[in-house]
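Below you'll find only one chain, the form predicted on its own, shown as structure tokens.
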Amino acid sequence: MRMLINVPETVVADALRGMAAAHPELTVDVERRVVVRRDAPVAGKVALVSGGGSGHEPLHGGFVGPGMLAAACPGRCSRRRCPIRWCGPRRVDSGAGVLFVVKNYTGDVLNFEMAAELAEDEGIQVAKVLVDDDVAVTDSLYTAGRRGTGGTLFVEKIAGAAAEEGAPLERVESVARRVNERSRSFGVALSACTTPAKGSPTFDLPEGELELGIGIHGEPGRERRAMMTSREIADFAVDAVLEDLRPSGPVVALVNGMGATPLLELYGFNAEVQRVLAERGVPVARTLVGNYVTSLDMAGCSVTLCEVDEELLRLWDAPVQTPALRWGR
């Protein structure tokens, strides 16, 4: 196992210490494993909180800051749980309420439900939005229903912008649900990921083959094929998304790397994604390319499309200042 780590047991804590040193605009509690906006709670504003197993960076800690999340709770690497019930939303609630953004993995769902009950016992108003954008499988090893993947970024950014504008909790929740309903994703693995604790690939992928429809926790996909070209992968992935989404208007496209795919390849793949969308008559309003919702050291990519109207596109374009996503202002 060749990893830039000390020992597997301290990987997350070490990363959080490094994050704290690099981003003084954040408050990072290494012991309790929570990343919070330093100015939280922000008076009069709904607080967005998310989290889950680590290994998907910059999701979620890299998306904490103005215009996006108020807090993130990173758990152990690639475990479908997080310590949110220990840190709780009390650190970020200004009295306007808290929105939990929850990826549809059983451990995350259970942990956030427990956290919501504890928060409500303390008089904090809580709403929850379940992200389930993955079209590859209906039920998986870790979920009942679809998995939450790249669409999480769209939910956190667009709903975060609504919260930043001072929208009430009911409105922020409604925006988040609209974004999730309009988002679809499909992922492809060229290699399996390796968790620090396991020290070996999470599934066997022979040389010369790829896995279509993978999740972000090292789950195998729905189909295995001989290696395909970037053009062929784009045709397959985009068509899988469009078959389910069936957009009637413009989309925001996320061409996402799974952690070990260089930007040279991702931009080349984006050219193919844009070609397919043009051939299918789907206008693209905005495009984001890079490693945003990853799976440790997995080589591969995912495509996420979110159909946007005028309001959602305005919220997407709104200023954001986080470690991993920055524009405007």
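Residue positions are given as counts along the sequence shown, with the first one as 1. Small disclaimer: the values here were computed from a predicted structure and weren't measured.
Quick note: we don't show the form predicted together with a further copy of the same chain, though the next part is all about it.
Work out which of the listed stretches, 42-50, 65-73, 29-37, 291-299, brings a heavy atom within 4.5 angstroms of a further copy of the same chain in the predicted complex. It is 291-299 that comes within 4.5 Å of the partner.
Just one of 124, 167, 190, 130 has a heavy atom within 4.5 angstroms of a further copy of the same chain in the predicted complex, so which one? Exactly one residue meets the criterion: 190.
Can you confirm whether 104, 107 and 110, the three residues that make up this candidate site, all sit within 4.5 Å of a further copy of the same chain in the predicted complex, judged by heavy atoms? No: none of 104, 107 and 110 comes within 4.5 Å of a further copy of the same chain in the predicted complex.
Answer with yes or no whether residue 283 is in contact with a further copy of the same chain in the predicted complex, where contact means some heavy atom within 4.5 Å. So residue 283 does not count as contacting a further copy of the same chain.
In the predicted complex, residue 319 touching a further copy of the same chain (heavy atom, 4.5 Å): Output for residue 319 is no: heavy atoms all beyond 4.5 Å of a further copy of the same chain.
Touches a further copy of the same chain in the predicted complex: residue 17 (any heavy atom, 4.5 Å): So residue 17 counts as contacting a further copy of the same chain.
Report whether the minimum heavy atom distance between residue 94 and a further copy of the same chain in the predicted complex is within 4.5 Å. It does not: once a further copy of the same chain is placed as it appears in the predicted complex, residue 94 has no heavy atom within 4.5 Å of it.
Residues in 261-277 close to a further copy of the same chain in the predicted complex, defined by a heavy atom within 4.5 Å, in order: Those in contact are 261, 262, 263, 264, 265, 266, 267, 268, 269, 270, 271, 272, 274.
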